[in-house]
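Starting off, we have a lone chain in the form predicted on its own, written out as structure tokens.
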């Protein structure tokens, strides 16, 4: 079951990589980024965690793999992170929120919309955390190399 989840998220991420005109050498890396990010989300969601927390973990995996693959493939991080977060985007929650609003079911719309907004914020937070950590590690590495040269 997990392999099937990985395969479908890998294929969707590869499709969006091609759609976004990512460099050809980056497409498989972006697929792995999206696949592993979705697996992190799927495992935590299946274990009973709430969607925003599972999305945060998935976004952290996507951000970490994006930073790693950017250094391996020597391409910008966005070539891996932007297509990689596509499987995590809560599009179905947005759809259900709009359906609730159109049917005057405001209680359901507010409940689902609240969780959807929190999920989107968690995805952004996960990417920001990993990006900030990568910049801190990179600046510390530069300081350490400069102190060795002196």
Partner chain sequence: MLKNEVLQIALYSGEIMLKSGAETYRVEDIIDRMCKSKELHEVSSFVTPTGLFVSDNKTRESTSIIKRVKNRKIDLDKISQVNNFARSFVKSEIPYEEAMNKLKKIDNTPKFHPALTLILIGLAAAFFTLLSGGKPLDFIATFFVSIISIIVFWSIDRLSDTQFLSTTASAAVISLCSVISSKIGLVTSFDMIIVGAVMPLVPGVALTNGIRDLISGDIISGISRVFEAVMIAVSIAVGVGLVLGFWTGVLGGSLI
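Residue numbers count along the first chain shown, from 1. This one's a predicted model, so the numbers in the text were calculated from it and none came from an experiment.
Form predicted together with its partner chain: not shown, discussed below.
Engineer: Hey, in the predicted complex, does residue 133 get a heavy atom within 4.5 angstroms of its partner chain?
Structural biologist: Residue-level check for residue 133: no, no contact with its partner chain.
Engineer: Answer for residue 107 alone: is it within 4.5 Å of its partner chain in the predicted complex, judged on heavy atom distances?
Structural biologist: Residue 107 lies outside the contact set for its partner chain.
Engineer: Taking the shortest heavy atom distance, is residue 83 within 4.5 Å of its partner chain in the predicted complex?
Structural biologist: Heavy-atom contact with its partner chain at 4.5 Å: present for residue 83.
Engineer: Please run the contact check for residue 31 against its partner chain in the predicted complex: heavy atoms, 4.5 angstroms, yes or no?
Structural biologist: Because no heavy atom of residue 31 falls inside 4.5 Å of its partner chain in the predicted complex, the answer is no.
Engineer: Would you check whether its partner chain, in the predicted complex, lies within 4.5 angstroms of a non-hydrogen atom from each of 40, 142 and 146?
Structural biologist: No, the whole trio is out of contact, none within 4.5 Å by any heavy atom.
Engineer: Residue by residue through 72-97, which ones have a non-hydrogen atom no more than 4.5 angstroms from its partner chain in the predicted complex?
Structural biologist: In sequence order, 74, 75, 76, 77, 78, 79, 82, 83, 85, 86, 87, 89, 91, 92, 94, 95 come within 4.5 Å of the partner.
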